[in-house]
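The chain below stands alone, shown as structure tokens; this is the form predicted on its own.
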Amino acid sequence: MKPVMLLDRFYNKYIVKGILLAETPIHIGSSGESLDPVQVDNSVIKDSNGKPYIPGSSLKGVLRSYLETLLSSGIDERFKACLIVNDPCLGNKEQLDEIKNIQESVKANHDADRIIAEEIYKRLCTVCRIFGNPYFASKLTVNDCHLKGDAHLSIRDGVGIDRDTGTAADKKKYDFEQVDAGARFEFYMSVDNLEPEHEDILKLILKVLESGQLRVGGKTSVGLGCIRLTETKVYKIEQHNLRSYLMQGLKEEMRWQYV
């Protein structure tokens, strides 16, 4: 029987580092609205140093959505994906009642928490096992991608369209800020306790990132947001080299060949 790799102990850790290259302009809008009339209507999100960045949560969400689409299309029958919002793999009343009944039956067991966690885990689709859901924490983490070097920002005009006439709507002109193509962002992603059979999912994620097919932010329908992972380095930390990693950091002998 294959071991179930939960998050209660260390089995392995995959670390992916590289550079995200903006192949087209990117617009990831900030939520704040300025009252300054000379400010752009919709500026890009910036860090505490005033430099644009790609939020890790945004990139993780895009990766999850892309992976859900691929697996739902049957690209690999070993792996499944649910619709986390409309039809989650775990969450209806019958499933939760079943979990509660199991919890009641094992409450005297000293290992009750792990037993329940295993019951939850085995009911999850592949994507939820890696990206998490309301009942199980995510194994995959994407850090905020901060700008490496400098980037050029520009202002671009946009026009609202009248739905009836199909022409430019009156008084609907706006502008938005974008990070121009060529900007480079530091990329760091890690995955904890990945089962061997799910290594192919990680390889798929890496290939998607390196392919340049992924788009982040807004205005993607007009060509913005195309990013590509370059200078990729992948490391695999296991129990035998965990101490070395903790004491001395990443080393070349920890590199993982994923091709």
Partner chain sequence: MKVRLNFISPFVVGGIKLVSNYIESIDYIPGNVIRAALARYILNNCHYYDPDEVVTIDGIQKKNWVYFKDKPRCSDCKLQTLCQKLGDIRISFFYPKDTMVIPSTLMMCKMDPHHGFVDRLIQQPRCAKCEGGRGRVEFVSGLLKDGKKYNVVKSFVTRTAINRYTGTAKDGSLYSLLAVSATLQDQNTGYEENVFEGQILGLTPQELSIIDELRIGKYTSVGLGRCNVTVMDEKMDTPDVSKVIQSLKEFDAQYKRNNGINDDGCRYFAIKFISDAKLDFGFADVNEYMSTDQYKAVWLKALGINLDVQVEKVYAEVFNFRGYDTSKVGEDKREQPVHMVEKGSVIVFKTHLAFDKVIDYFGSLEGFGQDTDNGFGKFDYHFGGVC
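Residue numbers count along the first chain shown, from 1. Computed from a predicted structure; not experimentally measured.
Just so you know, the form predicted in complex with the partner chain exists too; it's not on screen, but the next bit is about it.
Undergrad: Would you check whether the partner chain, in the predicted bound form, lies within 4.5 angstroms of a non-hydrogen atom from each of 23, 185 and 209?
TA: Per the other structure, none of 23, 185 and 209 touch the partner chain.
Undergrad: Heavy atoms within 4.5 Å of the partner chain in the predicted bound form: which stretch among 103-111, 87-95, 147-155, 177-185?
TA: After filtering at 4.5 Å, what remains is 103-111.
Undergrad: According to a 4.5 angstroms non-hydrogen atom cut-off, is residue 75 in contact with the partner chain in the predicted bound form?
TA: Heavy-atom contact with the partner chain at 4.5 Å: absent for residue 75.
Undergrad: Report yes if any heavy atom of residue 252 sits within 4.5 Å of a heavy atom of the partner chain in the predicted bound form; otherwise report no.
TA: No, no contact at 4.5 Å.
Undergrad: Does the 4.5 Å heavy atom contact test between residue 131 and the partner chain in the predicted bound form come out positive?
TA: The answer is no: residue 131 has no heavy atom within 4.5 Å of the partner chain.
Undergrad: Can any non-hydrogen atom of residue 117 be found within 4.5 angstroms of the partner chain in the predicted bound form?
TA: Contact with the partner chain, yes.
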